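Just one chain is shown here, as structure tokens, and it is the form predicted on its own.
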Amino acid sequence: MNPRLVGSLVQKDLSIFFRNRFFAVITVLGIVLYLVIYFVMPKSEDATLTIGLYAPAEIPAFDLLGEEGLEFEGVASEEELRQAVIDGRIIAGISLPADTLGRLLAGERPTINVFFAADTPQETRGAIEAVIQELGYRMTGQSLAIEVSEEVLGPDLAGTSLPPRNRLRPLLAALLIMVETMGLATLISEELERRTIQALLVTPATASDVFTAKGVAGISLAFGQAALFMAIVGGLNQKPLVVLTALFLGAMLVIAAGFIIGAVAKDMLSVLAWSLPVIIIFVIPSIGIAFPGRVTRWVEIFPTYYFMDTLHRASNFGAGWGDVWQNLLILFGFDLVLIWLGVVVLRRRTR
């Protein structure tokens, strides 16, 4: 591989990319639009707490606890209560034993199980314990000692409130990266149809030079935009190296997909037809982060899950290398497989 030739080919690809007015405009407007979306989102999380309750016996006093900023949701079983917490539909769940009222009236100290969401702040946990104490008081008319058994469901990311716009931040960064799939795929498709790539291979440039140059050009655009966006919105304030590594591996992933799409597409319309389903599939895992409870663990079959999960945990909760190394390793493995597949398909088209 000739580094000088690769550099020249990268400059050529970037020049062709920005000569395409459509992609030149959406590249600039994409960053501006996502920045506007981010900064108009609320700076703080919703103050309303939704708490689930499982109570085999009727608890009349429970209905009296509804106040501003506090909502209750009854469930049919403790397993349903746990799942609601894991899915993010409620911030915490209270499970009352069937004999709670009788034991309270007898002066005993019943154990009440409380399930917390992984990102529940400590002050919120304290408030929920106070709710339980108030519930016991209203059930018996006197202040009683209640033993609370806490259980955190999912990875413990508690300690920090998460504003809606910070939860949305990984999704916006991912969209910036994934749009470049169409740009690179269009570039490759056009050069294949015009036989530009075949002509380059007659020169001293090898297939490795040409493919490397396109990969570098695509990754530079995708990674550069996402890194700039994350820097502006504060996504690099915590664990910047982890965040940047995740962005780089995510850029490699979508550019590999761009190689495959560009090799099978015939023109820009067919690139669009192939790209949109791929982008939708790749974005699905981020929905579970931006809107908790909308998707379940089946999204782990998508490689972008490991990208989004790493980006979310590192930028929002300060997760370090020891917390996300498995995600990064799996993501890197997907990168290698897709890059190999993309190069194989491109080689067949250039013969």
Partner chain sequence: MIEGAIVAEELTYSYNGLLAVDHVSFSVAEGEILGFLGPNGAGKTTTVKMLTGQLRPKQGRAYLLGMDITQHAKKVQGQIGVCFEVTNLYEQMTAVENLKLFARLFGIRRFDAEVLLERVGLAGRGNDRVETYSKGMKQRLMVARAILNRPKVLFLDEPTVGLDPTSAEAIRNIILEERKRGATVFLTTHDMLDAEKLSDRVAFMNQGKIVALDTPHNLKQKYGRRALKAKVLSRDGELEDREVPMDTPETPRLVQELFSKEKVVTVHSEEATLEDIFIEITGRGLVE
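Positions refer to the first chain, counted from 1. Predicted, not measured: the structure shown is a model, and the values here were computed from it.
Beyond what is shown, the protein has a form predicted in complex with its partner chain; the following relates to that form.
Margin query: Only one of 186-194, 255-263, 235-243, 77-85 has heavy atoms within 4.5 Å of its partner chain in the model of the complex; I'd like to know which.
Written below: Selected range: 186-194.
Next item on the list: Report whether the minimum heavy atom distance between A199 and its partner chain in the model of the complex is within 4.5 Å.
Entry: Contact check for A199: yes, within 4.5 Å of its partner chain in the model of the complex.
Next item on the list: Examine L9 and determine whether its closest non-hydrogen atom to its partner chain in the model of the complex is within 4.5 angstroms.
Entry: Result yes; L9 sits at the interface with its partner chain in the model of the complex.
Note to self: With the partner left out here, check for me: in the model of the complex, does some heavy atom of P204 sit within 4.5 Å of its partner chain?
What the structure shows: Looking in the model of the complex, residue contacts with its partner chain include P204, since a heavy atom lies within 4.5 Å.
Notebook entry, point to check: Does its partner chain get within 4.5 angstroms of any non-hydrogen atom of L5 in the model of the complex?
Noted result: Contact with its partner chain, yes.
Item checked: Any residue of 235-260 that, in the model of the complex, places a heavy atom within 4.5 Å of its partner chain -> Going through 235-260 in order - heavy atoms within 4.5 Å of its partner chain in the model of the complex - there are no hits.
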